[in-house]
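A lone chain, given as structure tokens: the form predicted alone.
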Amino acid sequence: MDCSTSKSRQPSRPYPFRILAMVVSLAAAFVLLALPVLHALGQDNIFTGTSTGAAATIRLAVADFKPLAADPQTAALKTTFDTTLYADLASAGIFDIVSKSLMPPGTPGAPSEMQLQSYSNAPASASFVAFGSLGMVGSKLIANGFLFDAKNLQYPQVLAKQYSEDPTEDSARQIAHRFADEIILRLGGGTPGIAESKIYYVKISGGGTPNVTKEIWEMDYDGANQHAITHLGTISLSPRISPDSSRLAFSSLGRNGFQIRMYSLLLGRAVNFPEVGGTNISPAWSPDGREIAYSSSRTDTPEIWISDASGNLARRITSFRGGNVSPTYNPKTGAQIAFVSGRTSVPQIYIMNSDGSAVQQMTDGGYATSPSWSPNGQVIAFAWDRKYGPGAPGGQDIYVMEAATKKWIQLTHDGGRCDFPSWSPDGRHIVYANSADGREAHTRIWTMLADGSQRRPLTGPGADMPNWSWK
């Protein structure tokens, strides 16, 4: 599904400015103006990271694994494994996967059983083949996985791995994820795969104001294993996972308004983070995990502040009226921060040095929010309503912009309100929130390749503000 709203719609204010208008009374700061379309930026092709490390897609055959034993438990686990492995490799963005209908007969489980020419010849015409065996050995689920170069008959073996886990469905999925990531690492130019990465997001429940609650949830990269992290019974927003995946920062509404909270995934509980005055939202980790940038209105106007990872030694790095929110570090260098500011009346994307100097406006029209910096530090994804205003055509979509040149590409079109893009750790994928009718309760989380292709939903309705783990 692509994303924009109907031509007759009255625009609504996306978070964080939607939230700020509610809790900080910033409505007067952002007037409803139909601004000119951004004219200074061209739509030339830019690098998005989709084909990082690979000159072209690789024709890959993924054979079902051969069962080691004929028992019902092995059959069920093998089905989970085969399905997961195929889906992981098909969604990687670097492979042309051979259709199951074109695969040669037989199920090779070991190198001695592999007939390479049956895979390299038409109709499969594969360049590489992933195959192996899976079954119970004693009390353990054992998988033997191989990757062969179908064009190299003399030295075909590229990869051989063995995995041993408890015989559960989750273990079968995790083994498939690990083997898929090994294949992607070998064939994808040395860039690790994302099959073991996680996505954190906001789960909306309660039936609407004033009973609505928003908790922080976690899921696998493919939408599986969705489960709650927090159980606070309040409004929690903007989850941001630390670079080492040990802590989760987010903003939560309590007795003292919105405050930055910290949850230890290692301890399974909240840990201390100091409360301050005003509204404190949209935390972001520095790539070394030592600092957190966030927006705070403790001095009246929302500004970008930076503290250490424990919330101490806080310092303000912006000083402009109009509201400054949604900071995100350049994950490659940590030397720059992209953020949203309303200093020119309607929110725009800016970048600055991490000490607040060298501020540069990136967008120059419409209503731009929710920046997310790509892992290579070259491209910024963001939500943009380029023709913002009452009755204006178009809607809020996901765009990517090359930071050095300000050249942009629109990734989504004509399917509702899109917001909160977040990059996968390999830079080949973007996760985002979409509501076809603009209603918050109908928002779902979707994923797509970084060129806008292969869009698919990961959740049902009531899921928002996704954040992809760093690894």
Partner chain sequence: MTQSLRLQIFRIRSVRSALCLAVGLAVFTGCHKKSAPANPASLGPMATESTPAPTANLTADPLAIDLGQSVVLNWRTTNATSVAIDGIGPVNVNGTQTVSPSNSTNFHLVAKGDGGITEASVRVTVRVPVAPTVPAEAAGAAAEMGSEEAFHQNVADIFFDYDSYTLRPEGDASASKAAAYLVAHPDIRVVIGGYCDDRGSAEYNLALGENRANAAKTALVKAGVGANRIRVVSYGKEKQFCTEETDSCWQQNRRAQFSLDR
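Keep in mind that this is a model prediction, so the values were computed, not measured. Positions refer to the first chain, counted from 1.
Not on display, but discussed next: the form predicted together with its partner chain.
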Q) Of these, 192-200, 119-127, 337-345, 267-275, which stretch puts a heavy atom within 4.5 angstroms of its partner chain in the model of the complex? A) 337-345
Q: Go through 223, 243, 311, 257 and name the one with a heavy atom inside 4.5 Å of its partner chain in the model of the complex.
A: 257
Q | in the model of the complex, the one of 293, 352, 114, 237 near its partner chain [non-hydrogen atom within 4.5 angstroms] | A | 237
Q. Are all three of 214, 281 and 326 close to its partner chain in the model of the complex, meaning a heavy atom of each within 4.5 Å?
A. yes
Q: Using a 4.5 Å heavy atom cut-off, state whether residue 321 contacts its partner chain in the model of the complex.
A: yes
Q.
I'd like to know if residue 426 sits close to its partner chain in the model of the complex, meaning any non-hydrogen atom pair within 4.5 angstroms.
A. no
Q. If you check in the model of the complex, is residue 439 within 4.5 Å of its partner chain, heavy atoms only?
A. yes
Q. In the model of the complex, does residue 210 have a heavy atom within 4.5 Å of its partner chain?
A. yes
Q: Could you list the residues in 356-382 that come within 4.5 Å of its partner chain in the model of the complex, counting only heavy atoms and keeping sequence order?
A: 367, 369, 370
